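Quick heads-up: it's one chain on its own, the form predicted alone, in structure tokens.
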């Protein structure tokens, strides 16, 4: 079993994961189609359909999304427009051109207050607009295109705005950093996630997969690890209660994903989260 990379359309190609996938693809073997919102607005069904029919990709990877949780709560309609309607439009286009549709999703589709691992067969139950809109996107993918991969990850970091970069920046200018307390998941580098996406494509997989770095930790543990790796142990981390956001929205505290499907399908697992973090920090230092 295998899959020809062929012509790949990376949607959200300039974002955290999209740009990483784009950088990893060998353009000698792959015809790469890369778009972002200024090129093709995924909320515009006519624009999406026209692009797909004109270019005939055999794989569509949707890395686009509205990921700011507070922004989603403030503008529910826009959150659903991007995260759900966008996925619907891409899935319908994928069906028309017989492409494999890949939807990147999130651990925030889960919340039940229990400290249990969530595998791919557990029932999602989001409480935030972000989680609900991403689950709606997943459902459109399942309903509209028979050939699909839904890949959930957590605490993804890489280029742009994210928790890891926040700690790196704050530790250079402050001696005290407030850290959300009682949040647990598996930090996952965009590079490790991108590697997994390409492995899943190459091995011809379909269905729902969880793809996170091995191991888990709290936000506090992650922040401390960053400080230790960068030699900034003098910075003091102060816990901040995060049962609710500033908007009164309950924040899922324990969303550790079990990569059951990767194990059952014998797909190479992602690296341990500390190893991946070390690789990321080393590359950031080399950029200076």
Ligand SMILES: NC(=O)c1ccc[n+]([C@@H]2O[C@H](COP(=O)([O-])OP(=O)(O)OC[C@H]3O[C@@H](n4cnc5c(N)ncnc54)[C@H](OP(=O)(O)O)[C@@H]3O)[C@@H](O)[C@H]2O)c1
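Because the structure is predicted, anything quoted here is derived from the model rather than measured. Numbering follows the first chain given and starts at 1.
Heads up, the form predicted in complex with the ligand isn't pictured, but that's what we're talking about next.
Under a 4.5 angstroms non-hydrogen atom cutoff, the ligand in the predicted bound form has residue 42 among its neighbouring residues. A residue is said to contact a partner when one of its heavy atoms sits within 4.5 Å of a partner heavy atom; residue 36 meets this definition for the ligand in the predicted bound form. Among heavy atoms of residue 67, some come within 4.5 Å of the ligand in the predicted bound form.
Within 4.5 Å of any heavy atom of the ligand in the predicted bound form lies no heavy atom of residue 280. Think of it this way: in the predicted bound form, the ligand has a heavy atom of just one of 213, 94, 72, 156 within 4.5 Å, and the residue is 156. Remark: of stretches 221-229, 59-67, 259-267, 25-33, the one touching the ligand in the predicted bound form is 59-67 (heavy atom within 4.5 Å). For the stretch 79-97, the set of residues having any non-hydrogen atom within 4.5 angstroms of the ligand in the predicted bound form comprises only 82.
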